[in-house]
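Have a look below at one chain only, the form predicted alone, in structure tokens format.
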Amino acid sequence: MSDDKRVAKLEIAGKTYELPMYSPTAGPDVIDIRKLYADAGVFTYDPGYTSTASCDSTITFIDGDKGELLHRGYPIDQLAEKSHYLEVCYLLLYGELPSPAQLEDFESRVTNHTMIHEQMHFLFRGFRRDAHPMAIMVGVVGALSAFYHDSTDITDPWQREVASIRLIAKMPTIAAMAYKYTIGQPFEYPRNDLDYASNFLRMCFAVPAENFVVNPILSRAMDRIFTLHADHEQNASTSTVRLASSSGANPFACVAAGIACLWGPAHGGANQACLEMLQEIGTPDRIPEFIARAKDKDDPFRLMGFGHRVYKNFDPRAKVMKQSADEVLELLGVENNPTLQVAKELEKQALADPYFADKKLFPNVDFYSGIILEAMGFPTSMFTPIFAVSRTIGWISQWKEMIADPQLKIGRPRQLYKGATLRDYVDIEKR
């Protein structure tokens, strides 16, 4: 961010205030309003913080108009095609692509931390069998701080490093155990001879009674899902992690807060909502009816999986995810799946409709990821936990960056108060 001494002038009640302006390496300029309240006695008003930069960061950049997503400057489509999830984790965490030796060391450290403390198994038994896996993950991830006291001191760089590796390593194990618990199957321990994605699939689908071999195409598709969801700038759950972190909370508590935020259907639950919508449509002949409803401004129905809060063009992740969907569905022989048929025809009709083209409502990453996960055999309740596994590296990278920032302050948004003004208490017998 350049400091070029430019200022924006704001006039309030006849008095002019000068606000510093900064230019980022990419994206729009920003106006520094930190001293506005002290100098002018006013706040700015920005519900949802959609026009407010809450921090400066070097990790991820999104250009919604161009449909561009960069991790440390590298385009997401190149990373998804040429790299793999743990290499992207290294890039996000440390800022550069690793050398072969660095990558081998990093993968080894992650692999050797995939098991969870044995006593944590008892935590799962405290949940009802029909508990949502995300409810389990919120509780169990938060409880990591009760078992790993040697990595909760955020002032110690080494403990921050250990906590980072542990969270990346243990999240797939916790998610898989949450799934196994809800379906009544025994937990499968992680194996050190498998890659990250294959290990996760095995922990989810293997049973002790028979041998299980992960198909490399499914493993690659799972790895791509992880990669495409690794980080996404200052989204709701990442902002939640940063806000929790600003109070000095330990990393496990902060990530648990991020998981809770991700659970919302407008955020991490979007792919589940998309698949449920496709199932509601049911058959391709009903698509025109639902498209008409989506175009009716008086109808609350909206097409899930189309459009994006940030991207005003095609979601760059969707192109890669569509390729994975084609590969997985061909492998599994489910091209005639009714939900898939609805998805294909809906995509075709929506893209051909000027209404959606004019509003730039293109299929996003959630439109395809849910189809892939269902084809793999995951229930919709596991879609968001898988998203949480993917996004853990983004949360941790943002957390580490924030902790090391000399400008770190506890988050304290202000408000536009519209409630009652000062009034005296009325004794109960006089009300």
Ligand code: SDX
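Residue numbers run from 1 along the displayed sequence. The structure displayed is predicted, hence computed values, not measured ones. Rigid core here is just the name for the largest C-alpha set that superposes within 1.5 Å across the two forms.
Just so you know, the form predicted in complex with s-citryldethia Coenzyme A (SDX) exists too; it's not on screen, but the next bit is about it.
Although the partner is absent here, P133 lies well away from s-citryldethia Coenzyme A (SDX) in the model of the complex, with no heavy atom inside 4.5 Å. By the criterion of a heavy atom within 4.5 Å, P172 is excluded from the residues contacting s-citryldethia Coenzyme A (SDX) in the model of the complex. Put simply, G268 is close to s-citryldethia Coenzyme A (SDX) in the model of the complex: some heavy atom of it is within 4.5 Å.
In the model of the complex, none of the heavy atoms of P98 sits within 4.5 Å of a heavy atom of s-citryldethia Coenzyme A (SDX). Annotated contacts: K297, L361 and F387 all touch s-citryldethia Coenzyme A (SDX) in the model of the complex [non-hydrogen atom within 4.5 angstroms]. Stretch-level contact check against s-citryldethia Coenzyme A (SDX) in the model of the complex with heavy atoms at 4.5 Å: of 364-372, 399-407, 52-60, 28-36, the positive one is 364-372. Proximity to s-citryldethia Coenzyme A (SDX) in the model of the complex, taken as a non-hydrogen atom within 4.5 angstroms, holds for one residue of R302, R191, R286, H149, which is R302. The partner is absent here; in the model of the complex, the one residue of R317, R242, R166, H71 having a heavy atom within 4.5 Å of s-citryldethia Coenzyme A (SDX) is R317. Shown without its partner, the chain has H232, N235 in segment 215-237 as residues with a non-hydrogen atom within 4.5 angstroms of s-citryldethia Coenzyme A (SDX) in the model of the complex. Core-superposed comparison between the shown form and the other one: the C-alpha position of R109 differs by less than 2 Å.
Taking 2 Å as the criterion, A135 does not count as shifted between the shown form and the other one: its C-alpha moves by less than this amount when the rigid core is aligned. Superposition of the core reveals a Cα shift of less than 2 Å for V207 between the shown form and the other one.
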